[in-house]
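Okay, so here's just one chain, in structure tokens, the form predicted alone.
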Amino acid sequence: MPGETNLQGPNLAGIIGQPIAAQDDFDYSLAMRDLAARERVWSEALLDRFTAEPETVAPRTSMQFHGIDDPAERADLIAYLRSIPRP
């Protein structure tokens, strides 16, 4: 939810079109900071690739998320993320 804090990861409200690894109050891993250096913002295409294979998109990521195989499930997730307003 927008504005929610004390999460395990950064808040994803309004993530599409936003800079990668840029939430001030979150300590990003080196893998995510490296991704931010290569890719400026979270596009829907990048989110699709990342949610399919996080380790491929952000090598050495410390996330405990192994990806979503089903393209329809990823599309639903991205549509949901698109629907959440930025705080």
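Just so it is clear, the structure is predicted and the values come from calculations on it, not from any experiment. Numbers follow the displayed sequence, beginning with 1.
If you look for the form predicted in complex with protoporphyrin IX containing FE (HEM), you will not find it shown, but the lines that follow are about it.
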Can residue 62 be called a contact residue for protoporphyrin IX containing FE (HEM) in the predicted bound form at 4.5 Å between heavy atoms?
yes
Answer with yes or no whether residue 17 is in contact with protoporphyrin IX containing FE (HEM) in the predicted bound form, where contact means some heavy atom within 4.5 Å.
no
Are any of the heavy atoms in residue 84 no more than 4.5 Å from a heavy atom of protoporphyrin IX containing FE (HEM) in the predicted bound form?
no
Is residue 47 close enough to touch protoporphyrin IX containing FE (HEM) in the predicted bound form, meaning at least one heavy atom pair within 4.5 Å?
yes
Within 24-38, the residues having any heavy atom within 4.5 Å of protoporphyrin IX containing FE (HEM) in the predicted bound form are 26, 28, 29, 32
